[in-house]
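Next up: a single chain in structure tokens, the form predicted alone.
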Amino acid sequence: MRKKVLLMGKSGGGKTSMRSIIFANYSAKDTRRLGATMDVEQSYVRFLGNLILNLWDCGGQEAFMECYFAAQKDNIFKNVEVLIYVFDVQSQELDKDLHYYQSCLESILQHSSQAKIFCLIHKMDLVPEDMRESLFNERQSILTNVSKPLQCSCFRTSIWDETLYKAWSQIVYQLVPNVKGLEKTLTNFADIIDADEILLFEKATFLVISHCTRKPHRDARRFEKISDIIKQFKLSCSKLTAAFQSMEVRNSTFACFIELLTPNTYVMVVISDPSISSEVTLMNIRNARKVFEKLEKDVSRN
């Protein structure tokens, strides 16, 4: 199952850096050595076994952008599942950026009218913290109006914090087949083992693809923070030629387990009941593997 994802925006806006962090295991620091994308770079990323993301990273230099809307229009914009348009928050040419974005939308309407649209307001770390919320809301309002009659989802992002993982988790969520089936199975699993919360991560990227929350938590950004922390820990392990396999964190109020669930996913289980031992929880995760592996295979066949 192959799904085409367009990654577009102005040259130097950070498109290739974010792709490299999410899918190629770069650290934010490592992206400094990346050069500008020339024309279109295609890559294929296997995601959840049978789902293949066909990423089109489109260079944002003006000559290339003009070509996308003329000679390459049919090739670029046909059969698109998702358009991700990246806006550099510090750009001094917002009107020109919006012009190219509108040209993209016109082409999407013509060739892939069912595509989902995501706008990333990027490099937000360069904006003073007390101005980020108001600036993002202003840009989001502009983009929502400009996108009509299409709908766009906007995210503020930076390669230097967890906001990048939040945005890409939401994007990938839209591409995962039978995600509702995954959520239902996670909910049943959480009820059976009396878990406070369960997260399902894609193995390679550690993006959250599904979750079940049975007890409220005050930190609304915890999912993307965990993705970022574990991904950085995995990178540290690989630099020491060690492989990340599992993790258990325990204190006086909760226990957290991160374990391989299927060949393509990790699961995180959070339990606050002190009477439930580690051995019991790990046994429950092992017993659940066959159920989730079957669900994954069923999705692949469909």
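Values in this document were obtained by computation on a predicted structure and should not be read as measured data. Just count from 1 along the sequence shown to find any residue number.
Same protein, other form: the form predicted in complex with a small molecule, not shown, and the subject of what follows.
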### Message
Which is the contacting stretch out of 258-266, 271-279, 52-60, 242-250, given heavy atoms within 4.5 Å of the small molecule in the predicted complex?
### Response
52-60
### Query
Here the chain is shown alone; which of 131, 126, 192, 150 has a heavy atom within 4.5 Å of the small molecule in the predicted complex?
126
### Task
Examine residue 11 and determine whether its closest non-hydrogen atom to the small molecule in the predicted complex is within 4.5 angstroms.
yes
### Query
With the partner left out of view, is residue 160 within 4.5 angstroms of the small molecule in the predicted complex by any non-hydrogen atom?
yes
#### Entry: Contact label in the predicted complex: residue 237 to the small molecule, heavy atom within 4.5 Å
no
### Query
Is residue 17 a contact residue for the small molecule in the predicted complex, using a 4.5 Å heavy atom cut-off?
yes
